[in-house]
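Take a look at this single chain, the form predicted on its own, given in structure tokens.
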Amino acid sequence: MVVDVKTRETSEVETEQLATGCEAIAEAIRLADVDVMAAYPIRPYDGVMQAAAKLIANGKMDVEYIVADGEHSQFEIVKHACAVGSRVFVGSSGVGWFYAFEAIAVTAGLRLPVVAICGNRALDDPGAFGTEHNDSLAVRDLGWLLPWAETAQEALDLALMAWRVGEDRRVSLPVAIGLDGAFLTHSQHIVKIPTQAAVQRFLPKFDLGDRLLHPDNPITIAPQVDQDWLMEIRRQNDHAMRQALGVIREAHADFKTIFGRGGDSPFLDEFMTEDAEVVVIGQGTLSLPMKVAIRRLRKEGHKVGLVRLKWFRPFPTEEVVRSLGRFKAIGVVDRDYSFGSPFYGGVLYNEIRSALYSQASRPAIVGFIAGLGGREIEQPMATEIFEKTEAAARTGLPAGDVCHWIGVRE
């Protein structure tokens, strides 16, 4: 199908196709004119490998496609390719992501804008192929930018944003896009595929500038500095992460102008929040079952809504505080766990509590852990989440634990 997409700048013609989240990422790799991609199969990210291989075999994409001997080698390949000026892509899932952890940590420390996806799945042991966010979240403090996609369309769009933001010289940090295993990596959606010309207007060519590793440019890569310069280097990375917030805002504005998508905010997506007293916040495909519950509860007179967080790192504290501060209570739904954390909550729960702590008037914050390992968040579970959050709005938080495990068999 061919459709006309009119933007404020120009009129473009783009195609529509039925694609999984993984297939949408492969299209983004083609459109971004990636130079080098490394691959090693682990579910559920491996659908990107297969889709990219088909594009290459059909003559639709020209990329150096290297099948590695393992996840560690896979991330080392793109790290070094990026250092010599190549636009790169890589991906993994679950324990494969952890096997590459040395290279993943070094990539952020070196300020190399590698773009990756993490097809989120449960870590072994016990393992499952379904969604958990702990694999991606393991790098949250290392200097990786971490967005999460809701749909296959957003997966493609976020990938283009990732190269734009990560490669910006004010940032120059790696980006790992979270795709919920099975729910997004393997489910099909109608996806609008932009034209190459439109992508070229949005995404400039990759240029490392004076940080390019080349014989004519003698620089040190991966130095061992001990106490002499390490704090200064860490502070530079901190500055880059702070800069990323503004760069994301700029990229989002340009993306919306050229492609006509992206919503009002680059960081948050709100659903039925205008008159809401209580909202739930979460990431990724969680919003799909929650929206169904919200429509039903609205018919019953409940003033409930949803806020979806698009970027976990950099954490958009200003936007989160401005949005969530106007509600009576917030239910934070984690598809992850953080054993032994304050109030035994999930990672996002404690981030939200921290962001709102310094506000003079704070809503009640209730934590929920749900849908681990790919378990469906069914409508009775969604209803329970809203009921407990509404109760906190009426009577305040109960004594003791304020984080609940939802849908767990006794």
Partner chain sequence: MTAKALAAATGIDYREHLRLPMMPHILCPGCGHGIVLKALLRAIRSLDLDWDRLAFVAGIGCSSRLVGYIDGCTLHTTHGRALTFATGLKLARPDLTVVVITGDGDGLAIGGNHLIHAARRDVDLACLLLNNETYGMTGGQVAPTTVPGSVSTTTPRGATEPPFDACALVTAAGASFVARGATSLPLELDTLIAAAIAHRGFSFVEIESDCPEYFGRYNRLGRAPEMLQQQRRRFDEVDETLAAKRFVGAPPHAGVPRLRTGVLHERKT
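The model shown is predicted, which means the values in this text are computed figures rather than measured ones. Numbering follows the first chain given and starts at 1.
Keep in mind that the form predicted together with the partner chain is missing from the display, and what follows is about it.
Stretch 37-45 is the contacting one of 366-374, 349-357, 37-45, 380-388, since its residues have non-hydrogen atoms within 4.5 Å of the partner chain in the predicted bound form. In the predicted bound form, the partner chain stays beyond 4.5 Å of every heavy atom belonging to Arg362. Shown alone here, Glu132 lies farther than 4.5 Å from the partner chain in the predicted bound form, counting heavy atoms only. Residue contact check for Pro342: none of its heavy atoms lie within 4.5 Å of the partner chain in the predicted bound form. At a distance threshold of 4.5 angstroms between non-hydrogen atoms, Phe327 is out of contact with the partner chain in the predicted bound form. Checked against the partner chain in the predicted bound form, the residues Tyr99, Phe267, Phe206, Phe183 give one hit for a heavy atom within 4.5 Å, which is Tyr99. The single contact residue among Glu154, Glu71, Asp334, Glu167, judged by any heavy atom lying within 4.5 Å of the partner chain in the predicted bound form, is Glu71.
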